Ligand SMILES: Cc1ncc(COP(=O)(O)O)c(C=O)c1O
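For reference, the chain that follows is the form predicted on its own, supplied as structure tokens.
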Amino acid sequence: MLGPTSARKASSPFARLNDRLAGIPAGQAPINLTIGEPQHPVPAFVAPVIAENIALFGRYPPVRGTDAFRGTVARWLDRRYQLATTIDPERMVLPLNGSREGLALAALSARQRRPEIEKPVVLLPNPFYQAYAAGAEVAGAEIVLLDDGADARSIPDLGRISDDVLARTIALYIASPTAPQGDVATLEDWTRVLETARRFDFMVFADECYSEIYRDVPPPGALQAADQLGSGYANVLVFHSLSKRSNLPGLRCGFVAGDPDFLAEWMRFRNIAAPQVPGPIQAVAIAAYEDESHVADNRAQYNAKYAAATAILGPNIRARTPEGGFFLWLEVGDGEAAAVKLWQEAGVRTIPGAYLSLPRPDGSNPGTPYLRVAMVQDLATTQEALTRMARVLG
């Protein structure tokens, strides 16, 4: 159900797809549903805020971020997760140049945090975001892949892992909502994870970049569970991004928050090697985290597309509406064959699930039966793509 592997076995799913489809012409005008790049309109406040702060492009930005940025993020976290123990903006928040660099580089500091471990382990869900594997590689760690929990959700069950593996673990990557499945960790899930992390003293890297893309109920968060445990925010970092929440993938701005001791050490490294976030970009982030109306509109657009998927694909393609995120995770028997067929016959470009996963020790790949469809285009384009998919796969 789990087993070791090397980070070097992971590769870009998009490069792999390009190789697989090379020389195969699109059957119709192409529609790209591969990359999770939001295509909804950029919020109207972005350009005016950048213009107002344009002079800041003439300065090196502080790597720890502006006081206003950290304060806004801390207040948003307190408000969003109703935290009784408030987030300290001086010690518990740092800006990121997009969450990807933070997720990858954090593993290096997790390794430095536990130098006594000779053969460190990083725990990954399977499938996973490729930046997690990059982090494990940077840290020189062995990857241990986690299968889904026993309750048919894609939330890993750490109770199925041996104490020997957990004792060598330096970090666990876990996303909620999960990507691509779209399952949401409950407070009970987060609590069990944090209790295990503290027992064995490893870091939990909670990827919450899809936290504001949900159907009905806001997903609980890792900080929320730590707050309810009542013993501070040790052993946990949460990673957030404006790419999905605010339709700003090109802004390259997010944040990390949590364990103040870890962040203090990580800050020393980041002050030398990490990319800074420009001042005007931080100003846009402040405006974004102070406004929820554009986020609500964003969710409504995704929900409309999921309603269209249910109506167009019908029962034969088993299009489950996930709790969160913006992917369809379709069970099609052979995801690679389906992706090739959709491109060749309908011009719809999708990602085979196996390209987002690594093989288990027995050689099987949990993503093989699946196809990932990014619901990121506008409603009309999405409806057209879904109609073509229903014709080809139905």
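For every residue, the number given is its place in the sequence shown, counted from 1. All of these numbers come straight from a predicted model, not from anything done at the bench.
If you look for the form predicted in complex with this ligand, you will not find it shown, but the lines that follow are about it.
Among the residues Arg153, Arg252, Arg198, Arg215, the one placing a heavy atom within 4.5 Å of this ligand in the predicted complex is Arg252.
A heavy atom within 4.5 Å of this ligand in the predicted complex is found for one listed residue only; from Gln181, Ser211, Ser243, Asn126, this is Ser243.
Taking non-hydrogen atoms only, Arg270 never approaches this ligand to within 4.5 angstroms in the predicted complex. Ser109 falls outside the set of residues with a heavy atom inside 4.5 Å of this ligand in the predicted complex. This ligand in the predicted complex is not approached by Gln282, whose heavy atoms all lie more than 4.5 angstroms from it.
This ligand is not drawn, but in the predicted complex it has a heavy atom within 4.5 Å of Leu103.
Exactly one of the stretches 112-120, 235-243, 309-317, 139-147 approaches this ligand in the predicted complex with heavy atoms within 4.5 Å, and it is 235-243.
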